[in-house]
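What follows is a single chain, given as structure tokens, in the form predicted alone.
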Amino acid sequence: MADQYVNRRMVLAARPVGLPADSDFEFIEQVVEPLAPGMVLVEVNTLSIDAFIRTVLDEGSYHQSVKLGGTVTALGVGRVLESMVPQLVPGDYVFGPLGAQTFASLPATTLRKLDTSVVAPSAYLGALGMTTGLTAYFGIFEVGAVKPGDNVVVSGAAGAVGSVAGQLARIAGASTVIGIAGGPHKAAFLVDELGFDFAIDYKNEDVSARLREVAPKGVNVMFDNVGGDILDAVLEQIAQGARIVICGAMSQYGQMQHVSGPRNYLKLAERHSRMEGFAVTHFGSRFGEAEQALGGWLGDGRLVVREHIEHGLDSFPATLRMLFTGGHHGKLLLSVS
């Protein structure tokens, strides 16, 4: 029965200022209550460490804010232990808003049963994940409308979404794929492992000068995960009819009350270009299409997704900070169990 399980959950103790500190969180242990009708008990296996987590720690978040004392939000995969619905049985793997905890009791309607016969459960957080593969898919093919011959720039390119977006731009027919990332090791990762044509190390290179060198005819599509100075540098180099895809703004998270917008936005008018933001949830009716395509490219080797896995629920705050300080390659995950 459920009362044999003790849940260890991480709750928000204080609203972070800047990068979250360990002191902003605390752990609470509670005996898991018996399941009510329609509920499912899941043993949390792996959590997806995503940029949106930082935003929900603030009040007034676009995503629903975590209350003080509330379990910290995180998407994850886990194994069903007990179920009060027939469509999910013990042993099934599921995806859902499991949270930063060891056991999650959730309505069955919030969970999705996973097919693990072809890919590991963690793939549904990375290559086939809503906040990673699906986000990159719709940003590249729908919002950015990448077409053959385009020069495409991806910022935050060594991260989860960026690393997939660059590869999808190549699949879409881009003639040149340029990744912007921090550090020579990340630049090498983009070119040597993922097949980007060029990588710009913003920590050690002049981004504007390098863009003029590697994209002399201008940038047709930018997939932006960073915002700030990087976005401004690319806006200087856009071609006529360019599409700027706003997926995220890593440089601005943690200062959401004082977000700095692009200074060079008038380049959009000068070059008859557009900037468009999106949320992957707007494409919910087409997730199946995207998963099928991504799964095919993953299977035939055209798509490579590296998983960077940290371990232990105690490591959650440090792992979340790692997402913003650049200590990882590819999809950042936390193994809980």
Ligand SMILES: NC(=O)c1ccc[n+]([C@@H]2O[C@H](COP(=O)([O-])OP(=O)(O)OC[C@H]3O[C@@H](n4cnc5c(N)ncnc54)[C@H](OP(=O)(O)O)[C@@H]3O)[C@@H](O)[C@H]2O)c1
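Because the structure is a prediction, the values reported are computed rather than measured. So that there is no doubt, residue numbering starts at 1 and follows the sequence shown.
What comes next is about the form predicted together with this ligand, which is not displayed.
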| said: Please determine whether each residue of 135, 230 and 249 possesses a non-hydrogen atom within 4.5 angstroms of this ligand in the predicted complex. | reply: yes
| message | Within 4.5 Å, heavy atoms only, one stretch in 191-199, 101-109, 166-174, 219-227 touches this ligand in the predicted complex. Which? | response | 219-227
| task | Sort through 263, 147, 212, 203 and report the residue having a heavy atom within 4.5 Å of this ligand in the predicted complex. | result | 203
| Residue among 73, 131, 83, 122 with a heavy atom within 4.5 Å of this ligand in the predicted complex | 131
| residue 326: touches this ligand in the predicted complex, heavy atom cutoff 4.5 angstroms | yes
| query | Would residue 243 count as touching this ligand in the predicted complex under a 4.5 Å heavy atom rule? | reply | no
| field | Contact of residue 181 with this ligand in the predicted complex (heavy atom, 4.5 Å) | value | yes
| Does residue 234 make contact with this ligand in the predicted complex, using a 4.5 Å heavy atom cut-off? | no
| said: At 4.5 Å, heavy atom to heavy atom, what parts of 272-292 sit next to this ligand in the predicted complex? List them in sequence order, or say none. | reply: 278, 279, 280
